[in-house]
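The data below hold one chain only, encoded as structure tokens and taken in the form predicted alone.
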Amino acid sequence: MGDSAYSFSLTTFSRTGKLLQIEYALNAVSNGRCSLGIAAKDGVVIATDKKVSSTLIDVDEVQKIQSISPTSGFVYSGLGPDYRVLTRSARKNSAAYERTYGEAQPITQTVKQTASLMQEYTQSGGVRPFGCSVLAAGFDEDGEPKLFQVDPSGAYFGWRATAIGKGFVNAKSFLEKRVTSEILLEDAVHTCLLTLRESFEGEINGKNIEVGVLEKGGGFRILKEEEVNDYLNEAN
């Protein structure tokens, strides 16, 4: 009996020790548009390709980067509806923490709670794994800017720079050659845009990509279309 006999069961391991539904969820992530992030010395930048499949779609209504709190934000690759469930949960948890302790929730706790929710959906009957991976930007307990990745299995990792979605292998290779521990936020934004451009089909502009920045000593914000175009012109 091969692994295919276990492919429809979420809670049963195959003979080779795999949970195939989680692997299929990761395939859904890999089929999504590319998203990436860089943790700089003075902030974090997350960026994503939000190119749409039809010219009839209102691009202004497509928002892949979401603010979770004034000092944290998420971006995803994979299934958008699943991502909405995660952002709603993260916002509730973040608001509850701030109401209780009178300060912003550290991104490490936000990430752990999101990862715990995703893990629950790998070990319960009648559900399926989340079909998306998330990149999370925020400050840790010491006020340092951090970048995390959370996968459908519930595993999470801290990164200096990473990419998810379609073409993530090439994007990671591109980032490895250009990102150092000393990189600053402005350079990180340019590097993100150059990385997206490497695999982008067609003309890249402020309408079909989205960029969010977290500034040390400040907060998280999503760049306006004009700001993204200015960065693209500088990169040229």
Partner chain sequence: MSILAYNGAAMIGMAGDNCVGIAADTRLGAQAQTVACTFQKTFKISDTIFVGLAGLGSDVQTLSQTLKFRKNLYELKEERTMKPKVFSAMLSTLLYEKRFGPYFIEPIVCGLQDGVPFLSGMDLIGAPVFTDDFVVSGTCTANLFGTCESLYKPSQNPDELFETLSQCLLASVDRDALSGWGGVVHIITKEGVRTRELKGRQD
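Positions refer to the first chain, counted from 1. Values in this document were obtained by computation on a predicted structure and should not be read as measured data.
Form predicted in complex with the partner chain: not shown, discussed below.
Trainee: Have a look at P129, P145, P106, G165 for me and say which one sits with a heavy atom within 4.5 Å of the partner chain in the model of the complex.
Mentor: Looking at the other structure, the residue within range turns out to be P106.
Trainee: Would K112 count as touching the partner chain in the model of the complex under a 4.5 Å heavy atom rule?
Mentor: Answer yes; at least one heavy atom of K112 falls within 4.5 Å of the partner chain in the model of the complex.
Trainee: Against the partner chain in the model of the complex, would G125 count as a contact residue? Criterion: heavy atoms within 4.5 Å.
Mentor: Heavy-atom contact with the partner chain at 4.5 Å: absent for G125.
Trainee: With the cut-off set at 4.5 Å between non-hydrogen atoms, does Y97 touch the partner chain in the model of the complex?
Mentor: Yes, Y97 lies within 4.5 Å of the partner chain in the model of the complex.
Trainee: Within a 4.5 Å heavy atom cut-off, is E120 in contact with the partner chain in the model of the complex?
Mentor: Heavy-atom contact with the partner chain at 4.5 Å: absent for E120.
Trainee: Counting only non-hydrogen atoms, choose the one of 97 to 105, 129 to 137, 71 to 79, 146 to 154 that falls within 4.5 Å of the partner chain in the model of the complex.
Mentor: One stretch meets the cut-off, namely 97 to 105.
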